[in-house]
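Taking the form predicted alone, here's one chain by itself in structure tokens.
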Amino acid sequence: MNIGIIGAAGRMGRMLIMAVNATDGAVVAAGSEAPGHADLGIDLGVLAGIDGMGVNLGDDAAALFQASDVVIDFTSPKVTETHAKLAAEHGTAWVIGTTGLEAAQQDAVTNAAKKVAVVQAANFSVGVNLLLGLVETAAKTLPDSFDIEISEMHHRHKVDAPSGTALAMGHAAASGRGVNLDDVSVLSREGITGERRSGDIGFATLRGGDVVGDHTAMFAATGERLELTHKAASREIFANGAVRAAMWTQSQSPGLYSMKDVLGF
């Protein structure tokens, strides 16, 4: 498969180049960055610290979609929204790891999925997606007397909070309890908040250093506490999962899919 990588010069982009290069049956067809980027014109293999591959970093996202069977997109919500039209126009499958999308931006993704296969995930790690299933099962199994709190920590450069993975854990917990997360979520606490409201799902966000991603779901009751935790030590797990999803789209009809579909959970 010809795989295009948007944001190819970034930390995740370089990891994706290496992951595609190491995958049988896949080649890096194109890589792009925003116009004016300092690395434009450099060979993608050189950017990733491997042998040159004869494909240089460009700034034309439309050309990238045209040259690719599937595009992997780890960018920003606003940029990802503009790619929805390109994916639909060129009939190019699309793998999205961008988090923090607003309602209109998510609508653009959903509309693109009417014409092409789209895999969207807050986290492409196999372990995290298993964690989401465990969180939903725990929330469904444990009585409502267990309070649910979700904590996450990421590196100092992360711009959205809570993380997309933390929110996905919240949705999993809410699904297990048969409620809507928007109705029960507490995204932050400050000042005199009063007692914790029964049934709430709370979030705590930490930022610092070079932490790749730590996530914990806590189920706390009188006399006992259950904690489900995933800790990522390298972005390689996200890159490998995204490439796996990209390869999976080859035989899929248009639609909006998740990593649960890719992994067969």
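Start at 1 with the first residue shown and count on from there. Owing to the predicted nature of the structure, the values given are computational and were not obtained by experimental measurement.
What comes next is about the form predicted together with a small molecule, which is not displayed.
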Interface membership of residue 97, the small molecule in the predicted bound form, 4.5 Å heavy atom rule: yes
4.5 Å heavy atom contact, residue 32 to the small molecule in the predicted bound form: yes
4.5 Å heavy atom contact, residue 12 and the small molecule in the predicted bound form: yes
Residue 238, heavy atom within 4.5 angstroms of the small molecule in the predicted bound form: yes
Joint contact, 131, 172 and 204 to the small molecule in the predicted bound form, by non-hydrogen atom at 4.5 Å: no
Residue among 160, 147, 136, 81 with a heavy atom within 4.5 Å of the small molecule in the predicted bound form: 160
Answer range among 104-112, 175-183, 123-131, 137-145 for contact with the small molecule, defined in the predicted bound form as heavy atoms within 4.5 Å: 123-131
